[in-house]
Structures are given as structure tokens and as C-alpha cells.
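Just one chain follows, in the form predicted alone, and it is written as C-alpha cells.
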Amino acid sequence: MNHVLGLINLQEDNSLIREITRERPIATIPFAGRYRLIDFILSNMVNSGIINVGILLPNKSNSVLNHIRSGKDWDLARRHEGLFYLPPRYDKNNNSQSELRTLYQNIDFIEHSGQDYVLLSSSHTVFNMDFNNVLRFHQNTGAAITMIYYTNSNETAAPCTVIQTKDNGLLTDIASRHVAYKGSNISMGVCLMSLKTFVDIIRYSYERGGTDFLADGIMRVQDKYNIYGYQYTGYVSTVNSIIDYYKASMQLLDPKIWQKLFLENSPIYTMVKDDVPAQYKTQAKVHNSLISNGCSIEGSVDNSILFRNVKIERGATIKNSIIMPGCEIKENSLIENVICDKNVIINSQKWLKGAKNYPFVIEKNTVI
């Protein structure tokens, strides 16, 4: 895979998850107690042997730069190749964000990268996969483009791209839907193709007014290319909305799913932080929860995820909730079906409840 250029597109639609993406892109949403969403695709690329990775930055990129930095924690801080940031360039005539425009603006870097193939991915899909099998499938089928997909096990209401293929994987149809029925083949937003095909699509689509790589670059020209679908059968979840994020997070409290995601394949890397171990005080009660380093617990925590440096005071109760780094839940408060973004403070005697299938979201730095 050292002749594959990895590209991660962080210019993703956040319209259904704005409560926790006002100051960050989807890629840097905290996930699973210590990770960010971008850690999964970045680790998958590195574990597959891809050593040249470009990240298409969004307009709000501070959290991406703070988290990834030089790429050292993913072994991508190298003298040659390694990690590259591809920022959007300011255009006085058109200030809107467009992934095709950013790719077109950085086409020289992509074209002269010296790689034979391009693996393009978004960051909102959580999975653990070796891309070597995809490359072999791509070469054996003679595909111009290979799209990775999974088969949906339950009906879900969320924006998605549904594909249909023949038994040999040849794609016969591709469409954008707002509902995915059970048994549908859902694109994971990961495509593999030759560098020449990728550059040709970018130039052709952008110079004809295109803005979106999938809609304008692949859907409109699907008859021109030999496109195949590669089925992924491992654990996968997508985060397009608050409900998606809450469900995907809560699924990780099932030890079987945790094992599938983190233990059955290669490791998932993230930025290394040295923290003291979690402290469980005398009156602490914790059941079926993920507790990160630096937490201090004196109250009750049930079926919840606590990120680093969360403080739960005496008499406080946390149920079915996600508490992000730096939050403080004061004495005798009750938090149930709630997502607390970073540095939220819930004062004493406050009771906050969301619905089981629609959590209550408290934005970053809020004091209640």
C-alpha cells in the first residue's frame, strides 16, 4: 500500500449534528472515551501501510491541527512523505466551502505525489479495516473505481448513499437516500481508484461547476467508468446526526461490539496524553460504563461514557449519558440521556433528562 495516496476529506455535512460541531468539524468529535472520529480512518490507513496521507481541512480547522499536529502519534511525522494538510484557499469571488474546489486547488500536490492510487475517505464512519484486501479486489476486477460498502442490518433514517451491485460486485446503480432499509448496501464514503482517474474526475467535475465529489464526480459520470463495490462485513457505524452519535457511542458499552472494533483487528491510535488514573471515592458506584483517565467519581454512574478529567461529586447520578472532557457534575444532580460537550458545569441539585431515543445536548462551556 506504499504506492497509495490516502486522502481524508473533512469538509462534511454537519447540518444534523450542529449542537456539537459549532466549533469543530465532525472529524474531531470526541468518541469512545478517549478518541476522535478521525482517529479511525487515519489508523486504518496507517495500519494498511499507507505512508502518504493528505487531510482536506475545513474552514474551522483549529481542533484538527491541535489533535493531529505533525502526525507523530500515527507515525506520519517523516522527512519524506508522511502527513500533509490541504487547506481551502480564499476566493474573493466565492467564499463557500466545496470539497471539489479544495481538491482542484491542491491538484498539483495530488498529481505529483508519485503514488499510483488514491484512497479517498470521509471521517464520519467508525470501523477497523485493512485496505490491502480492497486493493487486491480493485486490481483483480480491473475496476476503474472501487467503492466500499456495508449491508444495513436495520432500517435507519439518515442521509446515506445506497448502491446496487451484481453478484461479481459490478455497480449497477447509486443513489442518495434519506432512509436506509434493512438489507440496503450503504456506501462507507471510501473510494479507491488510480491517480489518473482521480485527477481526471476532479478536473472534469470542477471545471463544469461541480462541488461534491460523490454527486458531481461519480454519480454523473458512472456510465463512463467501470465501478465495483467491495463489501465490508465487520462492525461499522456512521455519525451523521446527534442520534447517530448517541447510538454509536452507547453501542460501545456492549463488550462484544467493543471487542469487534478495538481488539479483533489492528490498534486504533490517538493523540497520547499522560493523565493520572481515574479515582473512585468511597461512595462511588459505577456500572457498565467507560471511565477515562483523570476522572474523579464520588457519585453514581450507570451505562455512561466519561471522557478525561470529568468530576462527579457526591450524590450526583449519571445515567445513559456521554460526558465529554473537563465537565463537572456537582452534588446531588441527576443527568439522564444527556450529551455534555466539553467543560460543561452542572451545578448542585439540577435535574436534566433527555428522551431515550433523542438525548438532551448541552453545548460546550455551558454552566447550568
Partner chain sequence: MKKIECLAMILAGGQGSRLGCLTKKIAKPAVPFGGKYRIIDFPLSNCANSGIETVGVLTQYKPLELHTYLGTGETWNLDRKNGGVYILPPYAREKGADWYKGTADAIYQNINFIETYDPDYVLILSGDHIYTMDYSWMLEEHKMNKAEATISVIKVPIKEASRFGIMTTDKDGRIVAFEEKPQHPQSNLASMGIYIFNWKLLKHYLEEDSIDSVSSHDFGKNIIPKMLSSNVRLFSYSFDGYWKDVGTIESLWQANMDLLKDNPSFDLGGAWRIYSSNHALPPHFIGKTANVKNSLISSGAIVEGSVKNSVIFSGVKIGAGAKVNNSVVMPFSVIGENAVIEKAIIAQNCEITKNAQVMSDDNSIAVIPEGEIITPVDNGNKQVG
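Positions refer to the first chain, counted from 1. This structure is a prediction, so every number in the text was calculated from the model and none was measured.
Beyond the structure shown, there is the form predicted in complex with the partner chain, which is absent from this document and is the topic of what follows.
S.K.: Are any of the heavy atoms in I291 no more than 4.5 Å from a heavy atom of the partner chain in the model of the complex?
M.R.: Looking in the model of the complex, residue contacts with the partner chain include I291, since a heavy atom lies within 4.5 Å.
S.K.: For T282, is any heavy atom within 4.5 Å of the partner chain in the model of the complex, or not?
M.R.: Contact check for T282: yes, within 4.5 Å of the partner chain in the model of the complex.
S.K.: Is L253 one of the residues lying within 4.5 Å of the partner chain in the model of the complex, judged by heavy atom distances?
M.R.: Contact check for L253: yes, within 4.5 Å of the partner chain in the model of the complex.
S.K.: In the model of the complex, does V179 come within 4.5 Å of the partner chain, counting heavy atoms only?
M.R.: Because no heavy atom of V179 falls inside 4.5 Å of the partner chain in the model of the complex, the answer is no.
S.K.: Counting any non-hydrogen atom inside 4.5 Å, which residue from D274, D223, D167, D108 sits next to the partner chain in the model of the complex?
M.R.: Looking at the other structure, the residue within range turns out to be D274.
S.K.: Using a 4.5 Å heavy atom cut-off, which residue among H112, R78, K196, H287 comes into contact with the partner chain in the model of the complex?
M.R.: The residue from H112, R78, K196, H287 that makes the contact is H287.
S.K.: Have a look at 257-265, 138-146, 203-211, 159-167 and name the one stretch with heavy atoms inside 4.5 Å of the partner chain in the model of the complex.
M.R.: Heavy-atom contact with the partner occurs in 257-265.
S.K.: Using a 4.5 Å cut-off on heavy atoms, what residues in 7-45 are near the partner chain in the model of the complex?
M.R.: In sequence order, A32, G33, R34, Y35 come within 4.5 Å of the partner.
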